[in-house]
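The chain below stands alone, shown as structure tokens; this is the form predicted alone.
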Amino acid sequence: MRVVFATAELAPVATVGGLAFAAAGLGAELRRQGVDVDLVMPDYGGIELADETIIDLAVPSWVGPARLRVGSHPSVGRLHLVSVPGMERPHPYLQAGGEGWLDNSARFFRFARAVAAYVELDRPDILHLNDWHTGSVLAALTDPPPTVLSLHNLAYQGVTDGSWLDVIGPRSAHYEWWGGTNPLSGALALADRIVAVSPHHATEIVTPEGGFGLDEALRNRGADMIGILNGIDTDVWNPATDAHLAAPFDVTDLVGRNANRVTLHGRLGLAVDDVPLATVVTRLTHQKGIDVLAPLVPLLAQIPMRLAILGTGDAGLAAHLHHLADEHADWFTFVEGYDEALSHLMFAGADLYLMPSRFEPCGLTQMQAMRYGAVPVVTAVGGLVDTVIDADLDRQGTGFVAGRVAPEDLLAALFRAARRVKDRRRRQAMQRRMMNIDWSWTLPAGDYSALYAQLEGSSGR
């Protein structure tokens, strides 16, 4: 079975968010399970391939010259890079000041049309699209192969003006959206199967509260939509072999966790004692709910608990966190930016890991944290519901869940979590349960393979 897998991001080639890690993890595991996967992504420039061949793609004049570079990448293996005018940029989506490139719509419409040309040139058994960047591929294909569309974040839809309906393809009518063009809404109508990246999120996005305006379109697809939980790269996220850690450890021997805890406190300038340390590694965006957590910083000494946040994003929120760190230096540390080594240590050395998300299609860091023995405290949204079992409600619990995305609910969950992790015996029992869970891509990739097999040989919509 051959699958064309089209994505705007692919770790580590071009990484902005969870899409990159999901595409890389799923693609690699599908290949391990015997699926012939063409990983297709934009050529953002500066990406070197070995044994490269170049294919010219037949596209309409509005796309401009389009070509496909095919070769071997040292991290992901065989890779297909689509080159169209305007695609080469230092960041896939954003200018240096954080604003989106003004021509993002044009760039990804060109990319999608070039992907459609590749599908027409070398028809696969399955076409797998990801998010809005690839949605308009189906506008151009009158006889598409069976198609799967994965939804990683409905908050981003690529909506733009209606003039694009005149050019993106013969099935552009499906993309009309209140006078504009929505590359995601059209793909929802035309894909054979739609996959939300967690089962619980699949139930959220068919509601007005969780559907970002697309809930009716999703409800209309009925049983054509399912939820498949993402995985993580368990080779990268492995405390037994992680070179970023002060000491290795695993589920059979947790002694090394204490060395990482001491090292982390030192890196953060915090006192080493028996007060629980909670960490957060995040983007500072509305979705991630750090503004819900911030009002609790003055209350940390009363729990008691220390907190460290590593993140970058909204400048106003970052300034507020810096201010809180200055006022409550004994209890709270904020590191602005992203530090790969520190992020690993913040999983391995923390007692608790916090995710106060307003919505979370799947979430990766809660799984990474659990693999390293940091007990998650999360909100009851998306994939967090599918991965974290509240330990006060279930003897096999793996964390603590706040009922609502609100400071008071989060505070109550933090109190419960702090009480549990201070009890060494109960904490270690929970850590062993968490660390024994298989968060790899093996099962999710098997689910996707089964979905492909159901569709193989059928006619696309």
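Source: prediction; values computed, not measured. One rule holds for the numbers: they count along the sequence shown, beginning at 1.
From this point on, the text means the form predicted together with a small molecule, which you will not see here.
4.5 Å heavy atom contact, residue 349 to the small molecule in the predicted bound form: Judged by the heavy-atom cut-off of 4.5 Å, residue 349 is well away from the small molecule in the predicted bound form.
Though only this chain appears here, would residue 153 touch the small molecule in the predicted bound form if you measure heavy atom gaps against 4.5 Å? Result yes; residue 153 sits at the interface with the small molecule in the predicted bound form.
Can you work out whether residue 363 and the small molecule are in contact in the predicted bound form, taking contact to mean some heavy atom pair no more than 4.5 Å apart? Flag for residue 363 set to yes.
Does the small molecule come within 4.5 Å of any heavy atom of residue 147 in the predicted bound form? No.
Within 4.5 Å, heavy atoms only, which of 283, 78, 171, 244 is in contact with the small molecule in the predicted bound form? Answer to the contact question: 283.
To verify the annotation, which of these, 112, 197, 127, 375, has a non-hydrogen atom within 4.5 Å of the small molecule in the predicted bound form? The option sitting close enough to the partner is 197.
262, 264 and 428: each with a heavy atom within 4.5 Å of the small molecule in the predicted bound form? Answer is no for this spot.
Residues in which of 363-371, 113-121, 185-193, 204-212 have heavy atoms within 4.5 Å of the small molecule in the predicted bound form? This holds for exactly one stretch, 363-371.
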